[in-house]
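For reference, the chain that follows is the form predicted alone, supplied as structure tokens.
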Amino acid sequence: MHFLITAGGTREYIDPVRFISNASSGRMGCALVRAALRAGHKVTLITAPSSQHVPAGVTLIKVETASEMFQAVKRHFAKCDCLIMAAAVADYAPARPAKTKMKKTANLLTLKLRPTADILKWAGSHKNSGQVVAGFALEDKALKRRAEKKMLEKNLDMIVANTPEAIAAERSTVWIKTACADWTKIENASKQTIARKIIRTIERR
């Protein structure tokens, strides 16, 4: 199979040197890359800034913003058998980034934010009958109910649900659901163990 995997946390710039981001380490995305490579698959990785080491043998595409990640996914989606959106893509970006560095003043600063493009929803609506689209849902309450709603609304084949405690952690608990099966819980496991389970589940589809 040819896996298209996204990783890392996007940066949405306020001015040329300041940005809004999140605490994603990119660890889960890179674990998925390693698991797919070890299973003998071809992998294209689209990654936002991350401190993780990218294994050899992968086609690497570096991006920074949600918009850049969306454009990269659109360019490569048709050639993949499976898209796994493990990146923490920003939901909002500054509506009008400053072209030069903003100077600090004693006044309050108000930022107007605009929603970013929904990459998962786009992929779910453009996939062909042979493609698999998998996403992640980070929820702090009603986790499975909200994740299942996301799965249905975005026409996903798989959803991996976790809590904020998973961010940048080496181990975490996740719940996995596919379109044709009920929830499976993986408790307090390494990201690599979780990644192997995700890849095996997709292979069975």
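Numbers for residues come from their place in the sequence shown, where the first is 1. Remember, it's a predicted structure, so these values are computed and weren't measured experimentally.
Below: the form predicted together with cytidine-5'-triphosphate, not depicted.
Listed residue (63, 58, 137, 35) with a non-hydrogen atom within 4.5 angstroms of cytidine-5'-triphosphate in the predicted complex: Spelling it out, the residue with a heavy atom inside the cut-off is 137.
Per-stretch contact check against cytidine-5'-triphosphate in the predicted complex, the hit in 46-54, 24-32, 138-146, 173-181 (non-hydrogen atom, 4.5 angstroms): That would be stretch 138-146.
4.5 Å heavy atom contact, residue 133 and cytidine-5'-triphosphate in the predicted complex: Contact with cytidine-5'-triphosphate, no.
In the predicted complex, residue 113 touching cytidine-5'-triphosphate (heavy atom, 4.5 Å): Outside the cut-off, so no.
In the predicted complex, residue 98 touching cytidine-5'-triphosphate (heavy atom, 4.5 Å): Contact with cytidine-5'-triphosphate, no.
4.5 Å heavy atom contact, residue 80 to cytidine-5'-triphosphate in the predicted complex: No.
Residues in 87-112 close to cytidine-5'-triphosphate in the predicted complex, defined by a heavy atom within 4.5 Å, in order: Heavy-atom contacts within 4.5 Å come from 87, 89, 90, 91.
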